[in-house]
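For reference, the chain that follows is the form predicted on its own, supplied as structure tokens.
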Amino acid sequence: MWIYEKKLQYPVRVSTCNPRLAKYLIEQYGGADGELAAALRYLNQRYTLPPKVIGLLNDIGTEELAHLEMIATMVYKLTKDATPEQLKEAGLEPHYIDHERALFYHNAAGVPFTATYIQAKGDPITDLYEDIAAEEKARATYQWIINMSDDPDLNDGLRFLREREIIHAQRFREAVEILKEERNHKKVF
């Protein structure tokens, strides 16, 4: 189903060690509106969608896994040279105590990832509206992280991710229109 290329979807660079920015980015790693939740949501929902839009959810769900890899790389690069004292100052002390520098699926506040983040109603249009909302929330979160960041190299990758969220929301909107049009057609037997 997948072919893995050993390169990131978009280059990830950071200017300097910055554990505080890493803490913010962890929201997009294991938070409710983050990349893991999005990937799992879309790859799960595809099973109850009409054939006309299944491929879209498969494609976007797969891309979200690539985004998860980018976020993991950003967090790693922002923390790899940090001292325990710097991690403590950034509010990552509980994470360090439990996981050292290993990534763990939780949000910026340290709340572990949960399956309750993944929505699937079984109604295609309802699920697609949920997906549009998820993409818009992720877009907003990326913008807020950019607003908090003073790292131009990191911001380049964050802008790429923010723009991809916009594209995904647009594609989901198109899928809703396809399904609405299909629903409104008279079926003659």
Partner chain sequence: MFTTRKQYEPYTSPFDPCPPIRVKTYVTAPNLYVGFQPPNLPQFPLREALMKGTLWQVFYDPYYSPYETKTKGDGS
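Numbering follows the first chain given and starts at 1. All of these numbers come straight from a predicted model, not from anything done at the bench.
Another form, the form predicted in complex with the partner chain, is not on view; read the next lines as being about it.
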Problem - Contact test, all of Glu5, Tyr29 and Ala72, partner the partner chain in the predicted bound form, heavy atom 4.5 Å - result: no
Completion exercise
From Ile146, Ala133, Leu43, Ala120: within 4.5 Å of the partner chain in the predicted bound form by heavy atoms is Ile146
Exercise for the section: Look up in the predicted bound form whether Val14 has a non-hydrogen atom within 4.5 angstroms of the partner chain, and give yes or no. Expected result: no
Exercise for the section: Evaluate Tyr129 for contact with the partner chain in the predicted bound form, applying a 4.5 angstroms cut-off between non-hydrogen atoms, and reply yes or no. Expected result: no
Problem - Partner contact for Glu177 in the predicted bound form: the partner chain, 4.5 angstroms, heavy atom - result: yes
Practice task
Mark His185 yes when one of its heavy atoms lies within 4.5 Å of a heavy atom of the partner chain in the predicted bound form, and no otherwise.
Solution key: no
Problem - Which of 147-155, 121-129, 52-60, 30-38 lines the interface with the partner chain in the predicted bound form (heavy atom within 4.5 Å) - result: 147-155
Fill in the blank from the handout: Applying a 4.5 angstroms cut-off on non-hydrogen atoms, the residues of 142-174 near the partner chain in the predicted bound form are Gln143, Trp144, Ile146, Asn147, Pro152, Asn155, Arg159, Phe160, Arg162, Glu163, Arg164, Ile166, Ile167, Ala169, Gln170, Arg171, Arg173, Glu174
